[in-house]
Ligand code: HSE
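First, one chain by itself: the form predicted alone, in structure tokens.
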Amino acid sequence: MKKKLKLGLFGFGCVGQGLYHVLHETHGVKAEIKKICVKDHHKQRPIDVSFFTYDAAEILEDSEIDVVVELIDDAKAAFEIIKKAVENGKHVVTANKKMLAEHLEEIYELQKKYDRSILYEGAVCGSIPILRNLEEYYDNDMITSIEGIFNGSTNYILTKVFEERKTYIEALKAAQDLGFAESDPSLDVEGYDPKFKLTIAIAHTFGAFVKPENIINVGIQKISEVDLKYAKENDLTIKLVARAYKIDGSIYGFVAPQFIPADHMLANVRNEYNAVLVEGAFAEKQVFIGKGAGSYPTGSAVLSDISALTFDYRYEYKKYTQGDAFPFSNEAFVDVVISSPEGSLITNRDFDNFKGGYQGKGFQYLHGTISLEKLKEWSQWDDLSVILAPTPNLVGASQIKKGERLSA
């Protein structure tokens, strides 16, 4: 039976205000906010000042508060808040993907030790209910891959660049003006935000706790005008894609921009929308699409977790507890297209399998297969853009004999 919950909220920014509004506009969730903890004493608030406190203990040590909702930017402080909350017998709802990615295995252990729930649907792809589906719908399916557009900010930027012919700088500013990108956009455009989300998704998809620093992330900040020209001439678009696969007993996962054919389902996912593609042995391929950024979409996902707590819901981490966990590896190969000024240090001999290329107007394009470690290395070079080929063709190292060069 549903019970009415009293909430203590940390943070009242974009998502916090979104949660406040959706909670007060719905009639299906039995919950009320008792107190909101914020840092800035002087900031004007859109609701009565009696709701606010500047002392975390007023929430963490209040025996009437059942659930702590953590919606702040500081990952280190967020972890201390949720740790103290569960130690004090409270359930937690959070949307802090960086904190979760860095501490997910500890969070799993905290839930077991204190018999409390920590839910975080809003941390992965905004309004898309992907974690609950992975836990409940796909719990007995043998999932082979999860991939998609996990970051609304970069998807908005790339949409504006392709459809409205804005420059990267113009599109980034538009995303910042709408609140889709931060004043420091590096977490989004360099691929860290989707990497944190992929880290969380891997735990619920494959039962593996992976440290985010072990997942390679390549961003969109080096995509050049010649890359855009190449895409348009070949009926392609570019999307920042997060992906994880299970191949021959190992898990591979990384984030990188990819040339997407016009007839691919991701090509039509526009603006701040996210998309998640899940493929399993039984359910086969399914697609989830929804807004991945914004006050109300993420607020609604947080509210769904609060609603689930009225029924005593908790993640069971079924893939992990069933003993289905597989090791994570970066020993794989993938097809890429690189662009660089003519005369750069990259030649066809640097590929494990060179497939072709051309030079013109001071630039060169080279297409071929490289290792994920080389993908990471090349993505850090100046004047070099690395984008996955339209068909990336990921190959696990176990499929290649030791010392053998990939053949065409």
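Computed from a predicted model, the values in this text were never measured in an experiment. Quick note: we count residues from 1 along the sequence shown, nothing fancier.
Just so it is clear, the following notes concern the form predicted in complex with this ligand, a form of the same protein that is not shown.
Undergrad: Using a 4.5 Å cut on heavy atoms, which of 180, 315, 254, 206 is close to this ligand in the predicted complex?
TA: Contact with this ligand in the predicted complex is made by 180 alone.
Undergrad: Only one of 147, 227, 188, 121 comes within 4.5 Å of this ligand in the predicted complex by heavy atoms, so just point that one out.
TA: Of the candidates 147, 227, 188, 121, 188 is the one lying within 4.5 Å of this ligand in the predicted complex.
Undergrad: Would all three of 97, 153 and 193 be in contact with this ligand in the predicted complex, where contact means some heavy atom lies within 4.5 Å?
TA: Yes, the whole trio is in contact, each within 4.5 Å by some heavy atom.
Undergrad: If you check in the predicted complex, is residue 293 within 4.5 Å of this ligand, heavy atoms only?
TA: Yes, residue 293 sits close enough to this ligand in the predicted complex that at least one of its heavy atoms falls within 4.5 Å.
Undergrad: Report the stretch among 305-313, 285-293, 137-145, 243-251 that approaches this ligand in the predicted complex to within 4.5 Å, counting heavy atoms only.
TA: Flagged stretch: 285-293.
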